[in-house]
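To begin, one chain is listed below as structure tokens, in the form predicted on its own.
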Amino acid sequence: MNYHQHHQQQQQQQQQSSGEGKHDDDAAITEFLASLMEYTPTIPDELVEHYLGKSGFQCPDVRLIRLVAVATQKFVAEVASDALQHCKARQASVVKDKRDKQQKDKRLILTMDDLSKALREYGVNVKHQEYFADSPSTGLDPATREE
């Protein structure tokens, strides 16, 4: 059976079971929503309700509140992961002579610039005041600064 015949057969099976497929989708959604009642998200329900309320959204269904919490948690995790990648890339591009001095201290220092770049990928533009700590050496002991 070639690719075209296999694809046609799959389409026919999907059409025949489209009624069953819709039922399966409904069952999967119902099961997922029920599982949200047993899940405790990192972001508390009260916090999600507060910000939804501030935007004018009221919903008595805890499952929907938890769904928003899970989506928010996923978004924050993805932004943090992307910011970490920006941080690693920035610190890897440090000039060789500075890198030798930094071998002692391998801590990653996340800057506002790393976070801004990560958020920009998701369409969020962050403008921050100049007094924010944008230098990796900010907050370190003055004797260890390399600026």
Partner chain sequence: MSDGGRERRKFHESSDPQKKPGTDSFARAIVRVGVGQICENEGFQAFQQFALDALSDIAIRYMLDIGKTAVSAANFAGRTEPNAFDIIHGIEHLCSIVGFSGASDVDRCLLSSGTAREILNYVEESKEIPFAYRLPSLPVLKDWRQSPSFLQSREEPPQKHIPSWLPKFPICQTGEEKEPAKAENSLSNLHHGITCNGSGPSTETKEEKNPGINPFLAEPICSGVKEVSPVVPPSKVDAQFANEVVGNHIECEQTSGDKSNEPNLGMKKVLSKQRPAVQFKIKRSRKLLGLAPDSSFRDEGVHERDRSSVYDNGIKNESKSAGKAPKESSMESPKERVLL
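Residue numbers count along the first chain shown, from 1. Predicted, not measured: the structure shown is a model, and the values here were computed from it.
Separately, the form predicted in complex with the partner chain exists; it is not shown, and the next lines address it.
S55 belongs to the set of residues with a heavy atom inside 4.5 Å of the partner chain in the model of the complex. When contacts are judged by a 4.5 Å heavy atom cut-off, V94 does not count as touching the partner chain in the model of the complex. The partner chain is not drawn, but in the model of the complex it has a heavy atom within 4.5 Å of C59.
In the model of the complex, at least one heavy atom of I29 sits within 4.5 Å of the partner chain. Residues of 55-78 lying near the partner chain in the model of the complex, listed in sequence order, are S55, G56, F57, Q58, C59, P60, L64, L67, V68, V70, A71, T72, Q73, K74, F75, V76, A77, the criterion being any heavy atom within 4.5 Å.
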